[in-house]
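Single chain ahead, written as C-alpha cells, the form predicted alone.
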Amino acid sequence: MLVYILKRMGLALAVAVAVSMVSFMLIRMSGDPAIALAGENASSEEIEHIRTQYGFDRPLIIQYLDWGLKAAGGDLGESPYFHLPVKQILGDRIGVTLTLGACALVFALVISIPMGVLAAIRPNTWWDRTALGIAVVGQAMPSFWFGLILIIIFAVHLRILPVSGSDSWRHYVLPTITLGYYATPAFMRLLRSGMMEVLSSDYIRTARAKGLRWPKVLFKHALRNAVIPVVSLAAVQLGFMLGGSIVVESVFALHGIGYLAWESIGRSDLPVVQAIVLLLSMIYVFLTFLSDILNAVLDPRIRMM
C-alpha cells in the first residue's frame, strides 16, 4: 500500500507542476498583461513602466520560475486592485466556495445513491424510468435557470429561504440544491449501471445460493464494488463544482472564489486570477489523488497496478 501511495503521490506532483505551468503560460499568452493592468487609455510610457515593474519584459520561463518559487513559499503576490496580499483575499473567500462545494456533493450523493440502487434492483419499472427521467432533466437544465426558478418559488412566493448572502445555513440551501442537482444524474446513472453489472455477476449468485440475506448481499458485496467508480467521479465532480461555482455564486450573490474570479477577470487583476487557477488546480489534483487512495482501500486489486 505504501508503494502505491508513493507512486500516486509522485504522479500527482508531476501533474500539479504541469498544470501550473500550462495555466501560467495560457494566462500570459492570452494578452499583454501590462496593457490589461494599465488600462486601454494608458500611454506607452505607463505601459512600459508597468511591464518593467511586474517583470513582464522577462522571458516567460523566467517569469514562471520566479512566480512558482514564490507561490511554493506561500507568496502569491499582491492585488493591484485591492492593494492586499492575494493570499489574504483568497483566505477570506475560500470558505464560502468550499462550504458550497461540500454541501452540494453531499446533497448529490444522498439523492443519487438510493435512486441508483433502486433503479438497478428494479429495472424497467416506473421507479427506474422516473430516476432516468430525473437524470435527463438534470443534465439538460442550465444551472443558472434552475437557480432562478428556485429563487422565484422559495424566496419570492413562499418566502421561506433567503435569496442571497452567506450569513447562515439557510443561505446555502438553494445554492446547494442548484449546484448539487447538476451532479446528481452522473452519480445516479453510473451507480445504476455498476450495480446492474455487479448484481449479475457469479459471486453475487453464489452468495445468494449460500443463503446470505439479501440486504447483506446488496450492501456489503454489491454496493461496495459498484461504488468504486462513483468515488473517482465524486472527486472529479467536486473539482468541477469548485471551479464552476462562478455561475451559482453569481446568481445567489455568494462572495466565494468563483465570484471573485469573475470580478478579477473584469478588473484585469492578473495576480488574483493566476492564484485562483493555481488553487483550484491544486485542489483538483489533491481530490484525484485522494480518490485513488480510497479506491485502493475499497478494492485491494488496485494496489497491484
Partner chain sequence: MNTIETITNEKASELGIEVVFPTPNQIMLRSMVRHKGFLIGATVLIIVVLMAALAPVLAPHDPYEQSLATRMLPTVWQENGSWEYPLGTDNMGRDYLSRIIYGSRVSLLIGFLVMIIAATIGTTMGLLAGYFGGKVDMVVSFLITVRLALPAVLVAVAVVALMGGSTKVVIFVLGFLIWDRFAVVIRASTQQIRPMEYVAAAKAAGCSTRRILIAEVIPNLMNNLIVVMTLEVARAILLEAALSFLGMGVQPPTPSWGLMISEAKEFMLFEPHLITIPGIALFVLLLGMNLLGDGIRDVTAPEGRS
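Source: prediction; values computed, not measured. Residue numbers count along the first chain shown, from 1.
We do not show the form predicted in complex with the partner chain, though everything after this point is about it.
Peer 1: Can you work out whether the partner chain is within 4.5 angstroms of a heavy atom in all three of 140, 152 and 243 in the predicted complex?
Peer 2: Answer is yes for this spot.
Peer 1: When the partner chain is placed as it is in the predicted complex, which of 83-91, 144-152, 172-180, 110-118 ends up with heavy atoms within 4.5 Å of it?
Peer 2: Selected range: 144-152.
Peer 1: Within 4.5 Å, heavy atoms only: does residue 160 come near the partner chain in the predicted complex?
Peer 2: Result no; residue 160 lies far from the partner chain in the predicted complex.
Peer 1: Against the partner chain in the predicted complex, would residue 293 count as a contact residue? Criterion: heavy atoms within 4.5 Å.
Peer 2: Residue 293: no contact with the partner chain in the predicted complex.
Peer 1: Decide whether residue 9 counts as a contact residue for the partner chain in the predicted complex under a heavy atom distance cut-off of 4.5 Å.
Peer 2: Because no heavy atom of residue 9 falls inside 4.5 Å of the partner chain in the predicted complex, the answer is no.
Peer 1: Does residue 238 make contact with the partner chain in the predicted complex, using a 4.5 Å heavy atom cut-off?
Peer 2: The answer is no: residue 238 has no heavy atom within 4.5 Å of the partner chain.
Peer 1: Are there residues in 7-28 with a heavy atom within 4.5 Å of the partner chain in the predicted complex, and which are they, in order?
Peer 2: If the 4.5 Å heavy-atom criterion is applied to the partner chain in the predicted complex, 7-28 yields 11, 14, 15, 18, 19, 22, 23, 26, 27.
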